[in-house]
Every structure is written in structure tokens, then in C-alpha cells.
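Take a look at this one chain, the form predicted alone, written out in C-alpha cells.
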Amino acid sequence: MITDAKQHRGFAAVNACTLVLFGASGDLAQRMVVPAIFRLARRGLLSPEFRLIGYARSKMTDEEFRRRMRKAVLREAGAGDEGAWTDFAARLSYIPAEYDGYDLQGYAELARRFETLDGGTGAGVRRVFYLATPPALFGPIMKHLNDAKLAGHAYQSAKEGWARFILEKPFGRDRASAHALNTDIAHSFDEDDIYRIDHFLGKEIVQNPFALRFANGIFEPVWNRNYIDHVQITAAETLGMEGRGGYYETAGAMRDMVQNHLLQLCALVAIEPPAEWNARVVRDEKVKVLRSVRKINPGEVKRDAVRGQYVADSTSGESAPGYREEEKVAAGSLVETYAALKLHIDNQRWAGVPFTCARANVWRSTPQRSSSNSSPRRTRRG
């Protein structure tokens, strides 16, 4: 994908391609994905022929989609980027359609857009599909794209182009569903064309521990159980649900944050020095860490795991509802918005050093405690 085109800080612009953003009307697309792509365009790291097609159920015209993305992008990037936005907005279009079911006209429209956009530039035959949707839609979307020969083995063999998939977390709901999803994907797509990503790992503060540890001779010699008593990894957010109550009711803090973002951070902190700095070697070292995590026995759950739910609060200067008062949340919901795990990594470097991974809303009142077999109690944590 890399060419010798316009350079910026050691990076080159990529060849012309089209990115299809499924779930384009959602929170993730507006808060992270489109602003990030805009920054790439602003720095000259996208081909002039690059195009972005939004795809979602929400009814919008191309111009309405551009207005919504403008608000998201300039809120994040600053009002001084109007000129850059005007150029970027011309690259955006939108398809309002269903992801699955009987009405699959959206995929036919997508095929037509690809043909229109190509124009000999290759933008239409080089395709990136970004699935910022619930994991239950990953399989159906990829199946329909393969059936329509817009991606997959049939497409790759018939066209002089390529198709890549970016799958956002969560990947399935549990081990069984993740395995089933992998099996479905493998029927039509090559593993090298699939990118399962955790956007949390792109944050600068998440990447800093590598430099802090491996680029400083002071820290690496003491980065072990002989000098470290315990490790705390906390994701302290100031956000409430902001319309995501329906999603959170199916996920909760444990699935939304702990088993992906925070376990990734735990692995990065505890990792052994990789023999090479490439994706596969770093991944393998992280897997070694996770395999060394001691299983929590049923009798130790109450000692090593805590779940809670935030209540209404006004101490931050504004009134904030409790989780059960949020939109699309059941009145008696037991879904956790606070989750903490104490983990033990049984290897030579970390034996005896507890790792605590916690997700919390810092500006809400202290969470009401809950467990899987009891109702939440509105008690303060000490």
C-alpha cells in the first residue's frame, strides 16, 4: 500500500483506496474513527483519490452525513480547520441501509459506488471495510459482502485489487461466540486480510510504557517482583452513557473495558522484552503473559473481583443521572458500570505481584455494589 508519494514525518501517503465505514452514525465513528481519518488527510497521508463511504441504518443524505461528521471532527480538531474540512468533506458519502435481512439493496448501491469512484485510480478496487458495529453483525456483513463479490476469495481472484477488514472490539460475546465468528470468517477471507483491533492501543499514553521501560536503562533492571509491590491499571472516565445505554445493557464494564482494553494494558506492562519489534513477536509475548495469569477459583471471586453501578450525582457541579436513569437502561438493571479484577501473573518476573485492573467513572458518586446473585445496595465504598 505504501508509495513514494508525499512524505510527512517519515511516513508516506498510501495508494488510492475507498474506506467503507459500517456503523457510520454511531458513537465510535464520530468520536474516534472519522476524526482520526481527518487527521491523516490533513497531514497529507491520504491519496487525493481516497474516499470514505458511511453505511448505517440511520436515514441521512450525503450532505446530512457531512454536517454530522463536521461537527464531530471540528469538535475534536478545532475550529481552525475549516479549509481542511472542506476538502475532506468532498470525499465523504453515505448509504442508509440495513446490514442484514431481506432488504440488501445497500450492498447493490455499494457496488455501484465502487464503480463510480474508481475512474481508473484504483480507489474502487482497493477497499477497506471498517466494522464499527456490534459483533453480532460482523458475520452477516462479511457474508453479504462475499456473496455480492465485493470482498472475499471470489473478489480477490477476479479483480486486480484487494479488500481488507478492520473489526472493532468486542469480538464476540464470549469464547464460544468468538470461535464461531473466526470460523465463519475463515470460510471466505484470508487471515492476513483481517485486522482485529483494539482502538485503545492507539492512545499515546498506552504506548508510552514501551519507551519508558525499554528506552531507559534505569527502569528495566527494576521492572520485576524484587522492586515492585503491586501494579494498578485504572481507566477513569468522565463520561456517562451518552445514548449508549442499549449497548451497555448487553456488555457492561467487564466486557466493554476490562477483558479487552485493560487486559491489553496489563499484558503490555508485564511483557518480556520482545526479540524483535514487529506485530507478531509482540503479540506472542503478550499471549505468554495472559497464559501465565492464574485462574480465579469460584471461592475467590468475591475477594478478587468487584462490580458496581454508579448512582446519581451532582458533586461535579452539574446533575448527572444514575445508570438506571439513563436512556435505554432497564429500571432494575444489574449491569455493572464499575469493574475491578485482581490478577496474579505466575511467572518468574511477576510471581507474588498483584495486578489490579479497574474501570470507573471518576466524577460519579461512589458505585453501589452488586454481585451476580444479589441486588445492588446503595452503600458507599470506603
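For clarity, a rigid core is taken as the largest C-alpha set superposing within 1.5 Å between two forms. We number the residues from 1 along the sequence you see. Computed from a prediction, not measured in an experiment: that's the story for all the values here.
There is another form of this protein, the form predicted together with a small molecule, and it is not shown here; the text below is about that form.
- When the small molecule is considered in the model of the complex, only one residue from P134, G243, P209, P274 comes within 4.5 Å through any heavy atom, namely P134.
- Taking R349, R57, R39, R67 one by one, only a single residue has any non-hydrogen atom within 4.5 Å of the small molecule in the model of the complex, and it is R57.
- Checking 226 to 234, 161 to 169, 103 to 111, 117 to 125 against the small molecule in the model of the complex, the stretch whose residues place heavy atoms within 4.5 Å of it is 161 to 169.
- In the model of the complex, the small molecule sits beyond 4.5 Å of every heavy atom of L334.
- In the model of the complex, the small molecule stays beyond 4.5 Å of every heavy atom belonging to G322.
- For R31, a non-hydrogen atom is located within 4.5 Å of the small molecule in the model of the complex, even though that partner is not displayed.
- Taking non-hydrogen atoms only, Y155 never approaches the small molecule to within 4.5 angstroms in the model of the complex.
- In the core-superposed comparison between the shown form and the other one, G243 has its Cα shifted by at least 2 Å.
- With the core superposed, L40 shows a C-alpha displacement below 2 Å between the shown form and the other one.
- When the rigid core is held fixed, the Cα atom of A351 travels less than 2 angstroms between the shown form and the other one.
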